[in-house]
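The form predicted on its own is given below as one chain in structure tokens.
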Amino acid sequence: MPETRLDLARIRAARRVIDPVFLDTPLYPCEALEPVLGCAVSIKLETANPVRSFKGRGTEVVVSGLAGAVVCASAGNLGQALAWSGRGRGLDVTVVASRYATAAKLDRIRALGARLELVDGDHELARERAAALARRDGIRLVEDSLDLETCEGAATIGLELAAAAPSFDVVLIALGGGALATGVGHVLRSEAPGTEVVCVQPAGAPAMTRSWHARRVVTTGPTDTIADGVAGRRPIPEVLADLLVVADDAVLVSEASIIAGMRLLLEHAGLVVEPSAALGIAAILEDRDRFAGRHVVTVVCGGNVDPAAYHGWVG
């Protein structure tokens, strides 16, 4: 396999520093979805933990080697995870976010003890501000997906999936900054090479998917999606290079399909998920023939959602 920035030995080592509360998450077949979607669907559930997303795996690896202060930009989930991991180790955590981010995510960042700074712009502006704070104060900047620790933490999900292979044919992974996709994809390429790795992104935030197809960085204008957790518009070149090695495909899905996916996960799996976590189901809905008769795993990556917005979406 061509090289990526990731390394299996480091990923296995990452498991040893991650709080067990984030590890060995449920992986189970959801039989109720099969007649609706026309394929066997298993769920890898990354929401049953203190920060309700997979991000805690990566922040645990980040903070394992830190002392002092740390800053990150976040749409919400990374900030919560870094606040949780940092609090347990006595770190001073600052999170920069858009003031338009999901209110419930921002509230949890504050509740976990981090200092929250809001910017009047999108996530890319938050990234610029976080970098400026790191330079000014001489503290560690955590850059999701660029920092290998975030990818290695996410990659431990791949170890858990590989242990269950070859019982499934396809893994559907939400694609935003790329830590989850590159981490899981790297492990599966090595440990379960017969498994197809398909990344899924909203059509309203297509930068990484367009970049994957063009095989070069493609930036986009403002995003337009309810899936705020994956709504970047400036792909990181190093992450794209890894993604080009490990992903078999990258697809875009509509907002209507994302909402339908959220509704199906509620009605047939009893799961309240944020839009990013429904991208896998949305991909099946939009291309049933591709997945018909196959065993598909979807990584349900987050469950941090504003209740009012959620009820407005799913009815």
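All residue numbers are counted from 1 along the displayed sequence. What you see is a predicted model, and the numbers here were worked out from it, not measured in a lab.
Although it is not shown, the form predicted together with another copy of the chain is what the next lines describe.
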Can you work out whether another copy of the chain is within 4.5 angstroms of a heavy atom in all three of Y28, A32 and L112 in the model of the complex? yes
So which stretch, 242-250, 262-270, 275-283, 55-63, is the one near another copy of the chain in the model of the complex (non-hydrogen atoms, 4.5 Å)? 262-270
Decide whether N49 counts as a contact residue for another copy of the chain in the model of the complex under a heavy atom distance cut-off of 4.5 Å. yes
In the model of the complex, does W84 have a heavy atom within 4.5 Å of another copy of the chain? yes
Any chance L45 has a heavy atom within 4.5 Å of another copy of the chain in the model of the complex? yes
Examine A13 and determine whether its closest non-hydrogen atom to another copy of the chain in the model of the complex is within 4.5 angstroms. no
